[in-house]
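Take a look at this single chain in structure tokens; it is the form predicted alone.
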């Protein structure tokens, strides 16, 4: 059976799939690929099932060697791809012979790239998923140099296209649609105007749990704190200092700070590609 030997991981590489469902009552979140669209595209290019596990690579730096012939695709943030030192393309079926080395450079924009392999990364599932939840500490361990990642059996279906054209991933400034609530009444009218009139910036203190944003403080209209309540991906939670945190794939399942708004689920892949320094404009979604 073929596998991928990990040579280097870059700032962070994790195994991800579509996530684990139905365990919030146990305090276990969904996790899964932060940019679900790029993850799905990588699998679709290779005719994998949607739930096949991929490698999510943050800001490049991944190097792997094929142990046996493998077929792969790279999607998401436009990272430079090289196979044995030669350039290769994103969003394309790539064939690696036994011993070939694939490397991903730092993307010119965006944050997360996805390496899919035909047959999927076949690490043991935990609670029905192969996703690594960095907050809960569930799922496969973070890959390390020297690890061999097993590859599952190739699906019967064959790739239909060698290359798939896609829209650009990542930008210096992005717009995210939000719907106010559930705790918008905890904030002043001025805070509501600020949320939609001003720009916020993604800080380096961001990760798979959430994007921590710098910008004008969102003023509260009342004192005190809430009892912990359920959180969903896209929740825009505002701690006491007034700078919001946008929850991403590995968010906590509960939280006590008020949520002024929630990002539209369709825009979460865009949020997941917002690297530190990206400016975010929130637009009210009705």
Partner chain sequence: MRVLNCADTGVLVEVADLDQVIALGAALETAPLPGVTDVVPAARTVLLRLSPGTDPAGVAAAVTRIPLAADVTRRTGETVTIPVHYDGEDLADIAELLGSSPREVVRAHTAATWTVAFCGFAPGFGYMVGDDPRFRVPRRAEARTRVPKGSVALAGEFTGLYPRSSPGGWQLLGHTDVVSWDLERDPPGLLRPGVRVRFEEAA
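In this text, rigid core is short for the largest set of C-alphas that superpose within 1.5 Å between two forms. Predicted model, so just to flag it, every value in this text is computed and none were measured. Positions refer to the first chain, counted from 1.
Beyond the structure shown, there is the form predicted in complex with the partner chain, which is absent from this document and is the topic of what follows.
- Against the partner chain in the predicted complex, the set 27, 136 and 229 is in full contact: each member has a heavy atom within 4.5 Å.
- For the chain shown alone, residue 264 is a contact residue for the partner chain in the predicted complex, at least one non-hydrogen atom being within 4.5 angstroms.
- In the predicted complex, residue 179 approaches the partner chain with a heavy atom inside 4.5 Å.
- Under a 4.5 angstroms non-hydrogen atom cutoff, the partner chain in the predicted complex has residue 183 among its neighbouring residues.
- Among residues of the shown chain, residue 22 is one whose heavy atoms approach the partner chain to within 4.5 Å in the predicted complex.
- Interface residue among 149, 126, 100, 191 relative to the partner chain in the predicted complex, by the heavy atom within 4.5 Å criterion: 126.
- Residue in contact with the partner chain in the predicted complex (any heavy atom within 4.5 Å), chosen from 258, 233, 32, 60: 233.
- Comment: 250-258 is the region of 65-73, 213-221, 250-258, 41-49 lying near the partner chain in the predicted complex, near meaning a non-hydrogen atom within 4.5 Å.
- With the core superposed, residue 241 shows a C-alpha displacement of at least 2 Å between the shown form and the other one.
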